[in-house]
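Shown next as structure tokens: one chain only, the form predicted alone.
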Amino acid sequence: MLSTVKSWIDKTKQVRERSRLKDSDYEFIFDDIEEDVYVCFDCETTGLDRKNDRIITLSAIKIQNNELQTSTSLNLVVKQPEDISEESILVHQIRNVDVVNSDFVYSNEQEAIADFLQFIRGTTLVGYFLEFDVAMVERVLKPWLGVGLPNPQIDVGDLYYDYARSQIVRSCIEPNIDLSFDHILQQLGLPNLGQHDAYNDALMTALIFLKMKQI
């Protein structure tokens, strides 16, 4: 009964979202979700302000039938209308000159997100603190198309929390579980390839997801 109600709510929500779509060329974002096909993605941004900061790079890697499709990964670099702040450069080591010297640079975020939407059609999205990356994409998407990302979403931090919590003997005290990226990698026996690089972060997130699926 509950699953039936949830399914009805989900369908009603999707119909409502479809009606808000401003451009019929992008109806494909509401395609049916393929079974066992996921996209792990990560953004490097000019800061943490979800309303005013911008996407600099975005990388996405597809997982199909538990296999990483690294040969067809998506790596987007976006031209910046303003100088990247020193604080941001200290985090991800990306300067304006690095953006300009990239092999291919999108002239604006909308062009980049258009290709991202094609890449993720019919897939479930996976990320680490995924809410932030989704918010940065939707900052571009909502004013442009009038809708958010309709794809189902999985956060590996939530998966790891549930797993770690299940390993702790039940008590009246809520367990204090370290959800830092490096700690999760260490606990799962996975390599740290170097954080704050969109491709590396997407790849490590994909490895965490596959390991959690095995567990």
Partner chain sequence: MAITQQRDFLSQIPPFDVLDEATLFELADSMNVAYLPELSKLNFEEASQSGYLYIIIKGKVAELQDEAIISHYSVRGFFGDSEILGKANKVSIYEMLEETIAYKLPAKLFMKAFDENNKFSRFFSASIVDKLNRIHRSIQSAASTEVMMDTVCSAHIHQHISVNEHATFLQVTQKMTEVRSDACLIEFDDGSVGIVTSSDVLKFVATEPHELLNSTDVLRRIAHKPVHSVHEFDYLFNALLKMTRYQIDRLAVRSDDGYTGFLHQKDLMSMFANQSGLVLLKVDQADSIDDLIQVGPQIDQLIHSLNRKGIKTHYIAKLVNELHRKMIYKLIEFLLPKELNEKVCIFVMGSEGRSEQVIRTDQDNALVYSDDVSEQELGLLDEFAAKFDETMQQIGFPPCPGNIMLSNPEWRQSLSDFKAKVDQWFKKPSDENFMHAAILLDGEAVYGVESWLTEVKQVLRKRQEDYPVFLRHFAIGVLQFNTPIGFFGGLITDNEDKQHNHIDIKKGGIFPIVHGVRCYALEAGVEQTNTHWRIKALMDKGVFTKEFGIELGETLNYLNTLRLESMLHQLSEGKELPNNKIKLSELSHMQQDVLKQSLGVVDAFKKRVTQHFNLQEMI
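Please read these numbers as outputs of a predicted model, since none were measured by experiment. Residue numbers count along the first chain shown, from 1.
Just so you know, the form predicted in complex with its partner chain exists too; it's not on screen, but the next bit is about it.
- Here is the short version: of L190, L48, V37, I168, the single residue with a heavy atom within 4.5 Å of its partner chain in the predicted bound form is L190.
- Highlighted residues D31, L149 and Q153: none comes within 4.5 Å of its partner chain in the predicted bound form, counting any heavy atom.
- Of the candidate stretches 66-74, 23-31, 176-184, 158-166, only 66-74 contains residues with a heavy atom within 4.5 Å of its partner chain in the predicted bound form.
- Residue contact with its partner chain in the predicted bound form: N200 places a heavy atom within 4.5 Å of it.
- Taking its partner chain as positioned in the predicted bound form, the residues of 199-215 that bring a heavy atom within 4.5 Å of it are, in sequence order, Y199, N200, L203, L207, L210, K211, Q214.
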